[in-house]
Structure formats: structure tokens, C-alpha cells
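The chain below stands alone and is given as C-alpha cells, in the form predicted alone.
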Amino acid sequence: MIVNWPQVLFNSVVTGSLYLIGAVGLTLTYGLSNFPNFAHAEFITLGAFISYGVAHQLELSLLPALIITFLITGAIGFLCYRGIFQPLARGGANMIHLMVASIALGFILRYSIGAAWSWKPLYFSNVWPLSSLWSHHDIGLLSITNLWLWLIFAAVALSVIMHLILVKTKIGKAIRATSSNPELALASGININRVIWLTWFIGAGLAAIAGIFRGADTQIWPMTGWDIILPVFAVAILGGIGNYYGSIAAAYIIGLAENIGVIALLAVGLSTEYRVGIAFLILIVTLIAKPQGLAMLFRKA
């Protein structure tokens, strides 16, 4: 079997970029709220559907649809934390209770989305039929679409912006302090609740952006987010819970592992549907061997 390695590496960057955008919000909220939010999958799905609806009704292009969807889904994420998880935590709920509540919230959101938009697949190509997003370019051995370039650009821009926020701004330093030592942050006068509220807003908004790119590259249906939530969780765990910089490295490691794994699956005659097992395997090995993930290699953020 002849392997186009430049294409494999480029596809790994595309996959890693998607996982990075989807995982950043999850790893930050996980680090501050101390429980895995499985409803994050539905925030991804919600972003795809909201963007589809906004673009269809208002005839907006990709960039304004991204901004509006980020704000709407971010507000929904904030309200979910403020109205569900914060009261539960104040009432003495532990991590298991909060995790189960997030699963329940995910089911509610998923079936509400299905009831509102139906379970039939939708396609962004019907909203932007003449958009250059679907244009292909052949550069040497590489086959590239404008959508993939937009996705990589969004991931790079996100990485730079989040780095500047975490390092250069007061709110960024407050996020890092709260994630590292909540008691000390509280004693230092940091309003922990506001920090967590903002983090949930940003996390849900970024999940929505991941949903837009995932939906544009494949299809939109109520399971869009659930289809990629396992590798997103694998990124969060491999990168180290609450560690932003670790999640960047983890996203591209898992993206590379998945795409090389696809070649291995084809070589042994197995379906590429098993590629999800690669992220699952990485997640299990990380939990067994190095539960702290890549956090040891990166400054806590």
C-alpha cells in the first residue's frame, strides 16, 4: 500500500486543530469546576445547529456566523453552569453527582435539538452553496480545501489569543490562579465564581466553533458533538486537566495518532470506523501510566 505521507501529516494537523478548539473549553472548565462535563458534546452540536440557522435566516458568511454562534452558545453554557451545576455544587454535590447531572443535561439538550431541528442530517453546503469554503487545491502531493485552511487558522489564532489572555491579562492570571489553587486565589481577593462563569462562557463558545467546523466538514445532526467527544476528552486528559498548553500538544499528538492509525487499519483490512478506538486507547494508557498527562512538561494554566 502506497502512503501519501505529506497528506497524512496535513490531515493530522487538520484533525488536531479541530480537537484543540473542542478541547480547550473542556480542559479549562474541568480544571476549575473539578468534574467532566459530558454535556460539552451537546455544546459542540448546538454550535453547529445555531450557526446553520443563523447563516440560513440572516444570510451570513462564515466569520459573522462564528461570532454570533460563539456568543449565543457561550451564554447557554454560562446559564447551564449558573442554573444547574453551581447550585448542585453549593448543595454538596460531589464529582460523581455533577458528572451524572452533565450526562442528563446532555440528553436533554440532544433530544431538544432533535425535536427542534429533526434528526435528518443537514449540510452547510446548502447554506453556503457558492462559498469558496468547498474549493479544493492540489499543491504537490497535498489536496487541501479552504475549509481546512480556515480551521487551521482558527486553531492558531485561538492558541495565540488564549496565550495572551492567560499571560497578559488580569482575568487570565485569575483563571490560572484559580485552576492551580482555588483557596489561595480566594484568599488573594479573586472572585472565583466570576472566573468560573467566564470560563464556562468561553468554553461553550469554543465548543460551538468546533461544532461549526465539524459540521461543515461532514454533516450536522444531533450526534455531531458526541461523534468527537471521546477524542476531545482524550486531549483534555493527555494534556493534563486544566492545562491549556498541554492540551495544544495533546490535540496534535492524538490527531497524528488517529491518522496513522487509519493507515494501519486499512493495512490489516479493518474499517476506519475503528479510529475512535485509538483515542480511547490513548486515554486508557494515559490514565494508567501518567494520570497527570503532559502537565509536567508545561506551566500550569
Partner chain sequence: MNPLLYALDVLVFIGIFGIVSLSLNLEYGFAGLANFGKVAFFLTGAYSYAALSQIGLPFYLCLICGAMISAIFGWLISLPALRLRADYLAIVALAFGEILRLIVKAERGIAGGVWGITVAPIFPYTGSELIYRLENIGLVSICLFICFLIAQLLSNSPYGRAIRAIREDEIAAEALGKDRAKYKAQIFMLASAMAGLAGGLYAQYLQFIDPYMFMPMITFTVWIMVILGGPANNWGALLGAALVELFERGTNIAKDYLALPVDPGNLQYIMFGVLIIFVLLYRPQGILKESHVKTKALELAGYGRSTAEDKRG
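Positions refer to the first chain, counted from 1. Think of the rigid core as the biggest set of C-alphas that the two forms share within 1.5 Å after superposition. Everything quoted here is computed from the prediction, not taken from an experiment.
As for the form predicted in complex with the partner chain, it is not shown, yet the points below apply to it.
- Residue contact with the partner chain in the predicted complex: E273 places a heavy atom within 4.5 Å of it.
- At the 4.5 Å threshold, heavy atoms of F233 reach the partner chain in the predicted complex.
- In the predicted complex, P182 stays away from the partner chain, with no heavy atom inside 4.5 Å.
- The partner chain in the predicted complex comes within 4.5 Å of a heavy atom belonging to W119.
- When you look in the predicted complex, the only residue of I144, L79, L186, M95 with a non-hydrogen atom within 4.5 Å of the partner chain is M95.
- A heavy atom within 4.5 Å of the partner chain in the predicted complex is found for one listed residue only; from I192, I108, L149, V167, this is I108.
- In plain terms, the part of the chain that comes close to the partner chain in the predicted complex, with a heavy atom within 4.5 Å, is 236-244 out of 44-52, 256-264, 60-68, 236-244.
- Taken together, F38, W226 and L281 are fully in contact with the partner chain in the predicted complex: each brings a heavy atom within 4.5 Å.
- Applying a 4.5 Å heavy atom cutoff to the partner chain in the predicted complex picks out I84, P87, L88, M95, I96, H97, M99, V100, A101, I103, A104, L105 from 69-105, in order along the sequence.
- Relative to the superposed rigid core, L58 undergoes a CA displacement smaller than 2 Å between the shown form and the other one.
- Once the rigid core is overlaid between the shown form and the other one, I67 does not reach a Cα shift of 2 Å, moving by less than that.
- Once both forms are overlaid on the rigid core, the distance between the two CA positions of L270 between the shown form and the other one is 2 angstroms or more.
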